[in-house]
Structures are given as C-alpha cells and as structure tokens.
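Only one chain comes next, encoded as structure tokens, the form predicted on its own.
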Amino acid sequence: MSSEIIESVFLTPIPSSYRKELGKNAYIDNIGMQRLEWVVCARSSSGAEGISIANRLMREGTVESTLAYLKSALLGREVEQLLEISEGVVTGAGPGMDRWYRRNGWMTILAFDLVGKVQGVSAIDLLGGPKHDSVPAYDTTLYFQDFLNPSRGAQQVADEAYQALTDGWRAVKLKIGRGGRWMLPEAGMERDIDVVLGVREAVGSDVKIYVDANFGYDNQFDLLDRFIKEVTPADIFWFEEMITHSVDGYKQMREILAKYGSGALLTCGEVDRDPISEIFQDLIDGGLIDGYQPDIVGHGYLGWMDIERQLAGTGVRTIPHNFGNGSFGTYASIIWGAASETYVSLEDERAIPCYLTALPEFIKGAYTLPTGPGLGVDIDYSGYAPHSKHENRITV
C-alpha cells in the first residue's frame, strides 16, 4: 500500500427516510418517517474516501466533541496504520488504533472501507473472502402498524407484510409484545397472535417469519406460553427478546418450545454493549440461545471478528442488529454477511438511499455481493449536495 495520509474528515447529519410511517414497539413510541445518519467521511491524499456513521458517538456527544475525537483518531494518520493486515486479511487494529476503536466500532468500518479503496480490494476480502454468493435480508419495518390504522387492526400488519412479499422480500420480522405497555397484557397477547397468524396467511408458507417482543413478555410466562402455543403452527423461524435475558427465563422458554414442538431459534443480545458480557456468555454456554445480536455498526467489523472468535464451536449463529443505522447500515451489513460463516439474515430498514451510490441488486430476498473496492459504495455527491450546507469539515 502506498503511504497515504488522511487529509480531511467531514461529519454531516443526513435525514434517512422510510418508505412509510413506522409505529411503536413494545416500549418505544412511534418511530415515524425519518431518522438521522451522522455521516463520517475520511479522505486520503489520493482522494480515496472511507465512510461510516457516528450515530452512537453523537447520542452522547456534540458536533464539537465528535470532531475533536475524529481529529485525534484520524486526521493526518497514515492509512496503512489503520488496520493490521497479514497475507491480505485483517488481523486486528493498526498501531495505536485499538483505543479509538474500542468504544467506537463504527470507525473500523470506515477503516476497512478506506484501506480497501486505497488497496483496490473489497472489504469482504479483507475479512477473509466471501463465504456466500448473496446475503439474505428481512424487512424489519413491521412495527405496531395496527395502532396507526386502528380500524383495520391486525389486518394492517398483514397487508404491509404482503406488500413486502410483493416487493421481493422472503423474510419479515414482526414486532410483538403489545401487552408490555400499550395494551392490557391478555388483550396484547391476543392481538400479537392475530398479527402473526394473519401475516402467515397473507404471505403464504414460503416466507420466513421472525418475531421480536423487545422484552414485552417480561413477568408474563403464562401469556408467553399461550402465545407460543398458538403461533407454533405458523412456523416461526426465531423468537427474539421475548423476555429480558436470564438463565432461568431462557430455560423456561426452552421448555415451552419443546412442549409445543417448536423448532424456532431463540435470539437476543442487541442490548449487549460489552460483548460478550457475562449473562450472555452464560446463555451461550448453557445452550440456551441460538443467535446473538449486538449491533453491526456500533461494534464494527473488528468487534464482530472478536465476537465470532468467541462464538466458535458453540453453534450460536451471527444475527447482527442493524435497526437505526439507516441506509448506511445495509451496505455495512452486506459486507459482513458475505464474509461470515454463521450469518443468518440482514436486518433491513429499507431506508430510501439519498447520499450513497446504489445498493447491490436485490434478487429473491437477498442482496448480491458488491464488486467495488472497500464497501463497494461511494458518496453520491449529487444526492449529498442538498445536505452539504450542514457539513462540518476538518483538514490537515
């Protein structure tokens, strides 16, 4: 790799729009039509650009503090110092970079992108090469849509699931747990059942259905038992965060699944901020979960490399959380999904791209692999132009 330095970095807030209004989940009020991506771009002396988003850093910081962080971490640094590489594959953080990456894993995605573009190689190859020919994805936008259209109730969710099928999706995730906050517990459980069974009828038997309660069945094992009994005939692929993670609770869930003959996976872990923390390690060691879900952008590629090393031999699958990462998260997830042996499916918000070049082709519910260097994506400066007035740039 030629000796290049990072000559400029910019931080720009860009709205990420959904294709429809998203409703509530078990505890959070309506998501709405739009979120924000804090786009970070580091440009090297050859003009190569590495991209990521700093949403996690900006949740607790300010533009001023984030720019100061980026200046210390990236500005003037040699690109070849960002990552440690052996025989074309990344083995870890570059000299002095680990402390910058540890709590800001999203920076590692920028590093893979920039190093890949300078070297002219795909980030997939930097991760060890493709393990799959395409990356399956699921529509994660089926929140409590029934609350947005009360007169249609559960049918509203079924209609939107059918639209997802029409749009080419072959897997959908349904938010459940309505009795956690927004309805009385038993009425919420009954609506959850109506939603799941209605969606299965709408999409047919070939579409995978995942359900995610966001802990909405905490302290309600009698209702959870009834819910699982009623939806097991709908062939649920995974149950996600039905209750807050605990060894005793997951043992009970295993018993419920066995009682009703469900082959569904149990998944959790998106809330794990220090993976793999003790409680999740206990769940893994006890064979109590089948999929582990820390955020793909928040923990970044080096973080997930470490997670997968720890998961090796356990049988636990890789299912990174991605909601809240907007359009960028889809690109980042495709790269990781292509390179991961145990990857299951990409959580796709279906955000409308507005500042990045086109996604890879979407065929039969899966993304083809990008062909360009780095992440295989660039900033589309025609789409970026309307947002440039909010750009914050630092230079050498």
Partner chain sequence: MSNRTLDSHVISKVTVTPVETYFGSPGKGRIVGRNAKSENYGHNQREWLLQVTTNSGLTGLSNARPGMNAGGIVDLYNDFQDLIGQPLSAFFTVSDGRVTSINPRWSDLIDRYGFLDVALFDLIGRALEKPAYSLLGDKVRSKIESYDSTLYFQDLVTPSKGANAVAIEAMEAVAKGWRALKLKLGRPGKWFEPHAGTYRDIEVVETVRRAVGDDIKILVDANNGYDGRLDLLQEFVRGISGLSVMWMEEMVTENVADYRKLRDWRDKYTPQTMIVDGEGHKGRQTIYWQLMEQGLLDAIQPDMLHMGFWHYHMLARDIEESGNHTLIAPHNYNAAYLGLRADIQFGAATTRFVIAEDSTLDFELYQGPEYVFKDGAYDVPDSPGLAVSIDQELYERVYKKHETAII
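Since the structure is predicted, the reported quantities are computational estimates derived from the model, not experimental observations. Positions refer to the first chain, counted from 1.
Another form exists, predicted together with the partner chain; not displayed. Remarks below refer to it.
Although the partner chain is absent from this view, report whether D146 comes within 4.5 Å of it in the predicted bound form, heavy atoms only. It does: once the partner chain is placed as it appears in the predicted bound form, D146 has a heavy atom within 4.5 Å of it.
Looking at the partner-bound form in the predicted bound form, is P15 within 4.5 Å of the partner chain by any heavy atom? Result yes; P15 sits at the interface with the partner chain in the predicted bound form.
So in the predicted bound form, does G153 come within 4.5 Å of the partner chain, heavy atom to heavy atom? Taking the distances in the predicted bound form, the answer for G153 is yes, it comes within 4.5 Å of the partner chain.
4.5 Å heavy atom contact, N392 and the partner chain in the predicted bound form: Close contact exists here: in the predicted bound form, N392 approaches the partner chain to within 4.5 Å, heavy atoms only.
Within 4.5 Å of the partner chain in the predicted bound form, counting heavy atoms only, one of 356-364, 343-351, 31-39, 326-334 shows up; tell me which. Result for this chain: 31-39.
Between the partner chain and V90, G204 and V377, in the predicted bound form, does every residue show a non-hydrogen atom at 4.5 Å or closer? Per the other structure, none of V90, G204 and V377 touch the partner chain.
Exactly one residue in R181, K131, R103, R254 has a non-hydrogen atom within 4.5 Å of the partner chain in the predicted bound form; which is it? Filtering the options by heavy-atom distance leaves R181.
Only counting heavy atoms and a 4.5 Å limit, does any residue of 44-65 reach the partner chain in the predicted bound form, and if so which ones? Result: M58, R59, E60, G61, T62, V63, E64.
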